[in-house]
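Just the one chain here, the form predicted on its own, laid out as structure tokens.
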């Protein structure tokens, strides 16, 4: 049985499924939540060559079309994990399966997609919960949390969660440059003595300013490089030139309010587009972020408060506070194994005041707009890629099941390692 299911997965997962895109698929009878207007009751979607050809309440089904009956079900745009490590890491404690960073603090020339492992077990798990595409981003060895290594880690890539190769999966090879902002941290952990080490604030502050100055030097060098007509190729500066020229945004990881303010100042001084990543203290700087029109990609809401002085539910209410202040809020897992939890992270933010449609758009339309692919993804409209999910209810609810999932118009398997183990142990005698 497992062998049969595996063969089914291979057929549906395969990039060879491109030939299936020549067929016409019709999704009929469901409630279509387009996010481009009012929901369509008892609507029909026609898919040709992997794209949405027609959508509406009175659309005729072409003769010979493969029909997916969605009666009693709901159809939504596929969800996007706006910052993940999907395909870059498998088992975090096993170094050989983690490919999220390279040696050195400055690697702007690296592109995450080149390190993606299409056969990662995490990908079908995320897919089974409605994640059809994701931005996979490089990060330091310390992870995406506070205190990780600072530096420019490389370029994030937008990929579909199906395909034999990275080339088949890629939607956009580069959507932004990832910068882990330096932070002032007086307490560190010394693994040689297995104890905490306290440093003087003045010493740490000086190191912090040196690192900011170093970042400024890199940006200045990239600006000079971009302006030279004759030059020796420098891959690092060539990549950074895309940031200073406005072709790519700088995705700046910062959590402390002090670091967020300094990062905003840096972006303004450098004249670059900034996206704030994680931003656990972003709610403290909501007025500044709204004024500067800086979007925030928030990390998981299902976590503990940062400090003992914070309200217990601050991680859950931060999104609604930012949205009410006029900040564009997008959600991401900043993970691989936990990408599957993304809709529930958003659902809990909705339960604490974020409007439902804003929550849903925060993992569909808004990230598509942010990364310049809203003409391809994010809503159900004619001409867009047919990345769709068909559910038996609200996709942000934990009890909702994904009944069908399509990526580029190809019905894609919902089987995954979790389901396999569940069935294995349920059948145990």
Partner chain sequence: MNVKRFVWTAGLVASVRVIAGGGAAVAQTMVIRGGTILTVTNGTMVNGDILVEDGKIVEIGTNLSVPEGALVIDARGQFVMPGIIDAHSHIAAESINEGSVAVSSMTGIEDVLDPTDINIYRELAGGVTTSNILHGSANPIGGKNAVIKHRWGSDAEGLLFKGALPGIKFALGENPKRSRGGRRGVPRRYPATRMGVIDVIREAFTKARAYRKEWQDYEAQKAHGQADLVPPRRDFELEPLVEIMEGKRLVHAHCYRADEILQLLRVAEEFDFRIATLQHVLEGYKVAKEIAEHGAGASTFSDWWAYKMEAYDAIPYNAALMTEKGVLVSLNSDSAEEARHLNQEAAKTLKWGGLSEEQALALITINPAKQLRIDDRVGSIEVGKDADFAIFDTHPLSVYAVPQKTIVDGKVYFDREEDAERQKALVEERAELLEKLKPATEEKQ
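These figures come from a predicted structure and were not determined experimentally. Numbering follows the first chain given and starts at 1.
Unshown form predicted in complex with the partner chain; subsequent notes refer to it.
Novice: Note which of 311, 103, 95, 287 lies within 4.5 Å of the partner chain in the predicted complex, where distance is taken over heavy atoms; exactly one does.
Specialist: Contact with the partner chain in the predicted complex is made by 311 alone.
Novice: Exactly one of 64, 37, 383, 393 has a non-hydrogen atom within 4.5 Å of the partner chain in the predicted complex; which residue is it?
Specialist: The residue in contact is 393.
Novice: Which of 319-327, 120-128, 166-174, 228-236 has heavy atoms within 4.5 Å of the partner chain in the predicted complex?
Specialist: Of the stretches listed, the one contacting the partner is 120-128.
Novice: Taking the partner chain as it sits in the predicted complex, is residue 337 in contact with it (heavy atom to heavy atom, 4.5 Å or less)?
Specialist: Judged by the heavy-atom cut-off of 4.5 Å, residue 337 is in contact with the partner chain in the predicted complex.
Novice: I'd like to know whether residue 72 contacts the partner chain in the predicted complex, with contact meaning heavy atoms within 4.5 angstroms.
Specialist: The answer is yes: residue 72 has a heavy atom within 4.5 Å of the partner chain.
Novice: With the cut-off set at 4.5 Å between non-hydrogen atoms, does residue 400 touch the partner chain in the predicted complex?
Specialist: Residue 400: contacts the partner chain in the predicted complex.
Novice: Even though the partner chain is not shown here, does residue 213 get within 4.5 Å of it in the predicted complex, heavy atoms only?
Specialist: Result no; residue 213 lies far from the partner chain in the predicted complex.
Novice: Can you name the residues of 410-429 that have a non-hydrogen atom within 4.5 angstroms of the partner chain in the predicted complex?
Specialist: 417, 418, 419, 421, 422, 425, 426, 428, 429, in sequence order.
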